[in-house]
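Only one chain is given next, in structure tokens, and it is the form predicted alone.
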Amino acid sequence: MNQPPLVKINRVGKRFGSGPLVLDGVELAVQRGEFVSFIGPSGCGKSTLLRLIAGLTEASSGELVIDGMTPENARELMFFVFQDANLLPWRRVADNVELPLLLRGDPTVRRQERVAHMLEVVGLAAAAQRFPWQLSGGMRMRVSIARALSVAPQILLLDEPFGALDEMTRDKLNEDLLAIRARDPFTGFFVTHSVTEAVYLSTRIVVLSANPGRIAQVIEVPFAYPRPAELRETPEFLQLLAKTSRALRAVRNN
């Protein structure tokens, strides 16, 4: 028997005030355990769509259903990771990771165990007592992801979290993210400008056109998890990369 989608986006449109349409007629169903990336030209509404799913802004038309609920009522199922790590500079690494658990009211022992687990998962157990300013950009982003996953969200929304990092660091964090997801599963929604990143991470890639933002194409990614770093060098990966790049060029040229 087919399971209902975890996230259902039904003919969603978004307009801010009396401005032009940002999104128009977006329709997508996402099953539990998928990893969906949104790519498209600047201004096509990728980040706006992510915020609609998260319940951070309301749709102007259409409907979003998250596990049978409105996005606002489903917020406890989700966590949002922004492009900037947004760590509190006066709190040590472990204290930053602990913050959502503290705000939720989890008992002290439970918080300590979960923080230790998440820092081990992201490879930062040795950095638990450092401050954010003592970390590299990649390490700060891993702390941000550990903080997000500390509450074991069903859905993780990531808005260009690696966009400001160099290519080598980005590739490594892509590999780390998939390893983290294998240990602490979640359904992922990911905004990126990197086609390589989208192909490496995703089960599906949603290509958006602009003015207003509409789904131009949905590309299935057939590679099984786990995905080794060497996958990026295979002919199959390069072929899918070329196909996705062509789809992106097509919407940029329209």
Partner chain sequence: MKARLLSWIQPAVTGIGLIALWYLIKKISGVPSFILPSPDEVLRAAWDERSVLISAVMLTSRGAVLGFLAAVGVGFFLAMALGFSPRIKASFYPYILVLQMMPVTILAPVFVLWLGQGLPSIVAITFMIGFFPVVANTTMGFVSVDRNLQELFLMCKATRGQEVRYLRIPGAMPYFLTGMKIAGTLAPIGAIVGDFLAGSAQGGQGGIGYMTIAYFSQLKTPALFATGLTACLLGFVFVGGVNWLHWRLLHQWHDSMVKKE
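Keep in mind that what you see is a predicted model, and the values were worked out from it rather than measured. Positions refer to the first chain, counted from 1.
Below: the form predicted in complex with its partner chain, not depicted.
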| Counting only non-hydrogen atoms, which stretch in 178-186, 117-125, 164-172, 89-97 is within 4.5 Å of its partner chain in the predicted complex? | 89-97
| message | its partner chain is absent from this chain, but in the predicted complex, do Phe79, Phe82 and Leu102 each have a non-hydrogen atom within 4.5 Å of it? | response | yes
| request: Select from the listed residues Leu56, Ile219, Ala216, Ala210 the one whose heavy atoms reach within 4.5 Å of its partner chain in the predicted complex. | output: Leu56
| field | Listed residue that, although its partner chain is not shown, lies within 4.5 Å of it in the predicted complex (heavy atoms), from Arg227, Arg51, Arg204, Arg32 | value | Arg51
| Heavy atom within 4.5 Å of its partner chain in the predicted complex - qualifying residues of 118-148 | Phe131, Trp133, Arg147
